[in-house]
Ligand code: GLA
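Encoded as structure tokens, the following chain is the form predicted on its own, with no partner shown.
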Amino acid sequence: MKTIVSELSTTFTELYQQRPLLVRSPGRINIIGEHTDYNEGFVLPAAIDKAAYIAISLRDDNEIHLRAIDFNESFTVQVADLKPVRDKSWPNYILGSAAQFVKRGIKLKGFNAVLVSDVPIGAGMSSSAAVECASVFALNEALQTNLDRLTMVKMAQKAEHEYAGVMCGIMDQFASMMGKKDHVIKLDCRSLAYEYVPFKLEDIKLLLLNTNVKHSLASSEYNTRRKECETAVAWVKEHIGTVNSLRDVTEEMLDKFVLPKDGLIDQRGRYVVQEIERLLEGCVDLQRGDIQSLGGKMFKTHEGLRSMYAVSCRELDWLVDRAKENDAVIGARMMGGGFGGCTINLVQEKAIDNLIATLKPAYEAAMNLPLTHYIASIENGTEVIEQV
């Protein structure tokens, strides 16, 4: 972390001749509970040791000056002209965050901001949420608006909706902002009630395997799945008025009211209903220390994402299938929105080197793509960091 923070601080000082406020906000993993968040279900995420870092200072005028070290690009706009940028995506995460202050009636001053991140883009670790949470948190500190963390989570989510155009659930921003070292967060996406569940695994590590592919379907299909889920809910609600989301739906309801009308819509809804139940059972596994059972549920989640929800891809399936053949892998599944990104694997620590040595050449030969990996540790959420 020291090197990246030092680079950030130096770049900012050279550009603006000021000492900035520095904030880090992490990417996230999700152990189980995929595509349940926007269906008002439960998720089980954690903040990780890869993060977006932002340096910020207020200006005396109404100009916003942004710099992205990773892209070697700059962007400038007036506060009064805040709107989504069409020709590049990275400014939207910061501008969308800034716009939320204006929407709350808070006077937004001009500011300078420099961004750098080591959260891999397109790997399913929520690099965008990390930037949004870093931006909201940094502006809250700089403007001294004293917003609470939950309010900032919702603002960061709105930034994604309104400026990035992705109608994400709340999990990514919640995990980034609220993470706690060595704990996962059991989050109720309806009420936003949450509890920290200890996640210190003896001799087992979280291994992320990056397919290094991001199929163009990702964003459009994500929004399509949301609509398909809403359709399933609407069909059940015609008969049971108390149903408001798939959180309220049972498989028996799907059998009666959805399956007879449309098999595809039934599959989408059924995956979500089953996944919510899997997560609740997985939390019991964790509390009992039964990692084998949790791992088995991860494999089942992947099968559901592949065959019922249809958001996997050949590269992800290949990695999970190979992992399943290895006795040292306790559980594996695709993670994130789908169509690329990473698989998350629970692996015996002593076997990781051999697993990678076996998988890497075989994957690269089969897919003609590089296989990269990350061993993730679970860290705290968004926070101010010291100058180095």
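Throughout, we count residues from 1 along the sequence that is shown. Just so you know, these numbers come straight off a predicted model, no measurement behind them.
Another form, the form predicted in complex with alpha-D-galactopyranose (GLA), is not on view; read the next lines as being about it.
Note on the partner interface in the predicted complex: the residue among F75, W318, Y222, F299 having a heavy atom within 4.5 angstroms of alpha-D-galactopyranose (GLA) is Y222.
Of the residues V153, M171, L246, V184, just one reaches alpha-D-galactopyranose (GLA) in the predicted complex with a heavy atom at 4.5 Å or closer; this is M171. Contact with alpha-D-galactopyranose (GLA) in the predicted complex holds for none of P26, E379 and E383, as no heavy atom of theirs lies within 4.5 Å.
Although the partner is absent here, D37 sits close enough that one of its heavy atoms falls within 4.5 Å of alpha-D-galactopyranose (GLA) in the predicted complex. For the chain shown alone, G337 is a contact residue for alpha-D-galactopyranose (GLA) in the predicted complex, at least one non-hydrogen atom being within 4.5 angstroms. The stretch among 227-235, 162-170, 197-205, 276-284 whose residues place heavy atoms within 4.5 Å of alpha-D-galactopyranose (GLA) in the predicted complex is 162-170.
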